[in-house]
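In structure tokens, one chain follows: the form predicted on its own.
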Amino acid sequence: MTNAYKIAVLPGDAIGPEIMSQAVRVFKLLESKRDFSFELISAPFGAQAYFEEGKAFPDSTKAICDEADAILKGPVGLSHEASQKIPVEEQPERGAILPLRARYNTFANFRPIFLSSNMAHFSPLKPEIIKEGVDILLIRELVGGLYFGEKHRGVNESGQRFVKEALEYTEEQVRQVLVVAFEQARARKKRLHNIHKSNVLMSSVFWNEILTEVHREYEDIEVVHLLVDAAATALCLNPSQFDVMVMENMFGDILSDQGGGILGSLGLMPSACIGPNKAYYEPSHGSAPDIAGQNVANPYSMIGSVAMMLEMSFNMHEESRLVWEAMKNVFESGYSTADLSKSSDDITIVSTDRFGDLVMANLAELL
């Protein structure tokens, strides 16, 4: 069957399995409505994987991911107290997430920061700032910089403890993510915000040099240069000025979380991590162990990650659009979950499962 796809499903920790169970329903619905077949193979990943198998990213999971056409990953991690029971090198961020990115060179992280005008009430920003909604695509370099550089800690000759971490990029690492950003800008509004810190960091001077070279191939794109601290302020004061933003790894980690704050929750931000041969898709938020098992976490970011997979890995553009529309329709019909909203005359609070039911019913009608 030409439309058959194999997907590695990594439910993750805490609320991960709860929201994953809603997301995978999209595949089942598509199978019933379209000429597609999805083989979903579940595998342990994260803190629970360590407790069960002694590794946060077990070899068996690596094998499943290697064979898959794409990977759907839930959030990982436990509470601070529970994490202390895991050796530092096997804690999920170091022992699972970074090795996953490195294994498949998922160098381009797509994080859409989106609220329709009818969903603007989720944002903590004043209505006059956010009333038209927001539609930003933040592209973050994901396999270089401080997070992947050499790390060393010890005691120096004077007896002082010290730590040293290296920020490293090659020109190819920078160039490849900039090409992705320029291509996205060309497909959207032809405007690209380049976020850097070249007044202090030599790495940003280097980044900007490469950007100038790449820009020659995209002369139809307007480039706006903005220091990262100024960008943080501008995101709060006037987010609508941004369309596509590109930045190095740590800047992207921080500003995309700020984007979640603009939306009112990281629970409204799915993401895609794209490599040359394989991609994985995941919510931008953590595993929220404080609400695990309560059936209150909104599955929007997990279902949205499926929508991104359909479009970016499988070229199912129409099906992806309909998944987004179904979720938007549910929110705009006045339904939400307790982690995102409080009950009011205009909002009906439903459970994780019920929200999933509403999305699937809406999607079934659209398909």
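Start at 1 and count along the sequence shown; that's the residue number. Remember, predicted model here, so these are calculated numbers, not experimental data.
Omitted from view is the form predicted in complex with 3-isopropylmalic acid, to which the following refers.
- The single contact residue among 246, 71, 263, 97, judged by any heavy atom lying within 4.5 Å of 3-isopropylmalic acid in the model of the complex, is 97.
- 147 is the sole member of 169, 107, 218, 147 with a non-hydrogen atom within 4.5 Å of 3-isopropylmalic acid in the model of the complex.
- Of the candidate stretches 131-139, 224-232, 276-284, 189-197, only 276-284 contains residues with a heavy atom within 4.5 Å of 3-isopropylmalic acid in the model of the complex.
- The closest non-hydrogen atom of residue 101 lies within 4.5 Å of 3-isopropylmalic acid in the model of the complex.
- In the model of the complex, none of the heavy atoms of residue 209 sits within 4.5 Å of a heavy atom of 3-isopropylmalic acid.
- Taking the partner from elsewhere, residue 93 is found to have a heavy atom lying within 4.5 Å of 3-isopropylmalic acid in the model of the complex.
- Along 110-129, one residue reaches a heavy atom to within 4.5 Å of 3-isopropylmalic acid in the model of the complex: 111.
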